[in-house]
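For reference, the chain that follows is the form predicted alone, supplied as structure tokens.
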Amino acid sequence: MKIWIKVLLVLIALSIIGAAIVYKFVYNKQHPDYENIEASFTLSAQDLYQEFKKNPYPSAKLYNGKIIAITGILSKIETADSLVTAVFVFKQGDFGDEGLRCTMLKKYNKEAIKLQPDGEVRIKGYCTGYNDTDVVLEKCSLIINNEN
């Protein structure tokens, strides 16, 4: 057998092994249990929004990638396909409502849809940042009174 065929077979075998390793350790990686992770910060929804509005970059360094528990007066619930988003509106901007948008974990969709606007709610979620209009929390869960 010629040497270039042997080299080609070795490269193919290494590629298959590499793909299997990537699949096992990267693609198939377990996701964090956002619902049960303790919040790094607890504050009001309005305070979180104001911090990002006044100082977006320092706030991003402090809050992005962290679990945050917020309390605030719910403005509305938005639904799109299987996504349910709790919205806290603090300002009317050029492009509509500005505030916090909290996308719920699917487990909490039914409970979130039942929430009444103008009622106080406590939500915990993963902060993904500020897009110049909204602070975005994802993987959110409702905090029940007996939960920390």
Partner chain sequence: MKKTIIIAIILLEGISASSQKFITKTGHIRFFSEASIEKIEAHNRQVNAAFDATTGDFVFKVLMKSFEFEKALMQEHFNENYVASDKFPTAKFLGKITNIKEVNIEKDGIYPVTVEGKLTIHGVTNTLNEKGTLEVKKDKIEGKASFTILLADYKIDIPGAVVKNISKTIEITVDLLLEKASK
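All values reported here derive from a predicted model rather than from experimental measurement. Numbering follows the first chain given and starts at 1.
There is another form of this protein, the form predicted in complex with the partner chain, and it is not shown here; the text below is about that form.
The closest heavy atom approach of residue 114 to the partner chain in the predicted complex falls outside 4.5 Å. Among residues of the shown chain, residue 57 is one whose heavy atoms approach the partner chain to within 4.5 Å in the predicted complex.
The partner chain in the predicted complex comes within 4.5 Å of no heavy atom belonging to residue 33.
Among residues of the shown chain, residue 64 is one whose heavy atoms approach the partner chain to within 4.5 Å in the predicted complex. In sequence order, 80, 83, 93, 94, 95, 96, 97, 98, 101, 103 are the residues of 80-117 having a heavy atom within 4.5 Å of the partner chain in the predicted complex; the partner itself is omitted from this view. Annotation for the pair residue 38/residue 25: C-alpha atoms approach each other in the predicted complex, by 3 Å or more compared with this form.
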